[in-house]
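Only one chain is shown below, in structure tokens, and it's the form predicted on its own.
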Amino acid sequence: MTGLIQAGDIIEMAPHYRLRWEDAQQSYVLLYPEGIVQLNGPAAEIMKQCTNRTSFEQVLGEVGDLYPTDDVESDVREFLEEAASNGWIIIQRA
């Protein structure tokens, strides 16, 4: 699935998903009618960026500021491609 997301793409969370902090799990979760997905710290930070319509570059910039590593672009791209395949986000071509 590599290469799904391109520069300039617009990303937003799918309408039937909600991002919420869960005290009981001490983590952010994605809630949807059929269940719940617990997110680790970096995944939650990426999904926070997707709660409003945003560009791939904006997500990269925000997450890159929080996790300044050499591979942040490939990590963010990989996560977003997985999120898209799971139906968590919608990707629109710019």
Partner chain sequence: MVGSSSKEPNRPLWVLAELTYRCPLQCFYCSNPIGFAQTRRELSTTDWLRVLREARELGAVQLGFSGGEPLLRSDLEVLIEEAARLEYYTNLITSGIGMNEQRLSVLKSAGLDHIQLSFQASTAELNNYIGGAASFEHKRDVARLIKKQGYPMVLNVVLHRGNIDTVDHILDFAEELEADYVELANAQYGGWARLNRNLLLPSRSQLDRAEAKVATFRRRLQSQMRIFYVVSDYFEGRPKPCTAGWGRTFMQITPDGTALPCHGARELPGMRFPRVNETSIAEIWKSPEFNRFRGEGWMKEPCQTCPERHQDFGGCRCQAYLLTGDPENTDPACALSPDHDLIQNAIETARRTASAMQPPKFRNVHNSRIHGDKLGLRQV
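No experiment lies behind these values; they were computed from the predicted model shown. Positions refer to the first chain, counted from 1.
As for the form predicted together with the partner chain, it is not shown, yet the points below apply to it.
Listed residues 9, 81, 75, 12 were compared with the partner chain in the predicted complex; 75 is the one with a heavy atom within 4.5 Å. Remark: residue 35 counts among the residues lining the partner chain in the predicted complex, judged by a heavy atom distance of 4.5 Å or less. Among heavy atoms of residue 43, some come within 4.5 Å of the partner chain in the predicted complex.
Residue contact with the partner chain in the predicted complex: residue 60 places no heavy atom within 4.5 Å of it. Of all the residues from 10-25, those having a non-hydrogen atom no more than 4.5 Å from the partner chain in the predicted complex are 16, 17, 18, 20, 22, 24, 25.
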